[in-house]
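Shown next as structure tokens: one chain only, the form predicted alone.
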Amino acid sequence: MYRYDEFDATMVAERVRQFRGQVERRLSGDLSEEEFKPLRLMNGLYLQLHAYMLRVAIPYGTLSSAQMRALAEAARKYDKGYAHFTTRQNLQYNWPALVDVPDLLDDLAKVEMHAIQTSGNCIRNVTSDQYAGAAEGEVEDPRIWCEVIRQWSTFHPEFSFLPRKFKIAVTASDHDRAAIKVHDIGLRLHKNDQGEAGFEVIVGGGLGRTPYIGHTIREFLPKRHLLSYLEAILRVYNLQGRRDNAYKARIKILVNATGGDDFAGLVEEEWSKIDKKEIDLPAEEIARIEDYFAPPAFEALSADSEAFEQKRKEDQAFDRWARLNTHAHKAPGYAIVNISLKPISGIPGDATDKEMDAVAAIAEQYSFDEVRVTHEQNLVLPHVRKDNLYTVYKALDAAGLATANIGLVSDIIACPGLDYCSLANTRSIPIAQRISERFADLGQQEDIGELKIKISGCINACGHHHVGHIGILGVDKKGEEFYQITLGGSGAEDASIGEIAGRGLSSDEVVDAVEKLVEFYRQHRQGGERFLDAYRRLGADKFKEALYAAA
């Protein structure tokens, strides 16, 4: 994984020093909250319903064990003993005291972490496939290019005050685990007919008030020209994006108002004016960054593990966990381990300091000292020997982290909602907890199969409800909490925006509504069909009828 050089270290240390002075001025009264606001947001510090919230960047979702331990220690020292992993592969502390935030950032800087550009109208944390560098079928490790983008975009003077926040995701697999089609820019590494690697460039996706699937504006962009082409896109957006209305300021509005083909033309025209040698990295610089992402020293192992298979026969719970929470690795004899942060009745994405310490210890011993954060609010150990899977499982189980539900009905994405967020209309967390309790039986969950439920407490869609197989959106009706159901969404390579099912449901009705939809699917599915497959085959009307028939 990438290690800070002297420029990174100096930049982060200087930013913490500056922010310490700004906090002191705020606490002394020399700065009003209104004057302090743009300064704190540039350092990832929000003012939520009850307290400040600090959002820490985890570039492309990659952590070392030392970094995970530092996050755990910060939760103990500056918060209430836990933290929240987000859909941007970031981490949030919900209760830090303002006076402590500079010290918290100082502690994180010691392990090469910061909160820069986790807020504001700038290029935010670049996200990627949580299996990057480990999964079968990758063109190459996409995190190399995420790091290139991070270095290019951090404090970029031309793009520090864009019309609105800007999000980029990169993948190198045909199976999209990074939701690239619902980002401002999505990049898919693939090979052309000549066998050369390059990017499909997708622009104008996004969720929130007006959800859109992005437009492919270039089928193939040579890798060496990535930065100059991104610069052209950002320049067009910076010049033509709306600044008169925050709700219409995202690039998705510009792209869809202009039309995908016409927007592509504007980008190509702007790109033709750019001196690419001034922006694109020389080959030796790309190679320097690429060296940081060299694969671990995998042992030469057999693809099969007798010890692993024997333990599966002996331990039914382990067998289920292995089926649901592990994924094929590109190296023979290894597996990718998914760690669910969605225990039954738990808060999606939350992890205690002890849980983070446990994951750090396991990663250090069994996963080449590496942890990943997923945009679905779970964790990953990317490189585990199959021979060690049972030991890892037992260690996770002892830490309360062995729930076998990845991709199932209780593996719910949920924003913090009205329990924390000043923008929310409704609570998300209690709805997620009640749904997981309703489907607590893991055998039933496995029978239902893949089902992605995503919950947002308001139209800003931090819970990605638009791309849930079942999406749940909190809406306010005369001071009461109601929930709107959407159906048929997907954030994967078959991306689609969910359709609104009908009238809003009360808090008391929404869990029953989910159960009705699941039961209708189970009664009418055909062999091997996921919920999403059945919905697309049968059509929206049949599911809507099942949902509201007895209402």
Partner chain sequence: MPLLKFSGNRLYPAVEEAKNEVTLDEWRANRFAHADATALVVPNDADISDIGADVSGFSAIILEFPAFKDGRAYSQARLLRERFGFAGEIRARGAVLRDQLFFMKRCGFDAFEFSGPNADAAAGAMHEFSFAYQGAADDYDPVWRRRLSRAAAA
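Numbering follows the first chain given and starts at 1. It should be emphasised that the depicted structure is a prediction, and the values quoted were computed from it without experimental measurement.
The same protein also has a form predicted together with its partner chain, omitted here; what follows describes it.
Figure note: of the listed segments 307-315, 170-178, 184-192, 269-277, the one touching its partner chain in the model of the complex, with heavy atoms no more than 4.5 Å away, is 269-277. When its partner chain is considered in the model of the complex, Asp541 lies well away from it, no heavy atom lying within 4.5 Å.
Proximity of Glu545 to its partner chain in the model of the complex: non-hydrogen atoms within 4.5 Å are absent; the residue sits far from the partner. Mapping the unseen interface onto this chain, Pro282 counts among the residues with a heavy atom inside 4.5 Å of its partner chain in the model of the complex.
With a 4.5 Å cutoff on heavy atoms, Thr86 does not count as touching its partner chain in the model of the complex; it lies far away. The partner is absent here; in the model of the complex, the one residue of His156, Lys223, Arg218, Lys354 having a heavy atom within 4.5 Å of its partner chain is His156. Of the listed positions (Leu39, Ala66, Ile497, Ala492), a single one reaches within 4.5 angstroms of its partner chain by any non-hydrogen atom in the model of the complex, namely Leu39.
Here the marked residues His327, Lys394 and Ala398 all miss its partner chain in the model of the complex; none has a heavy atom within 4.5 angstroms. Along 222-252, these residues reach a heavy atom to within 4.5 Å of its partner chain in the model of the complex: Glu231, Arg235, Asn238, Leu239, Arg243.
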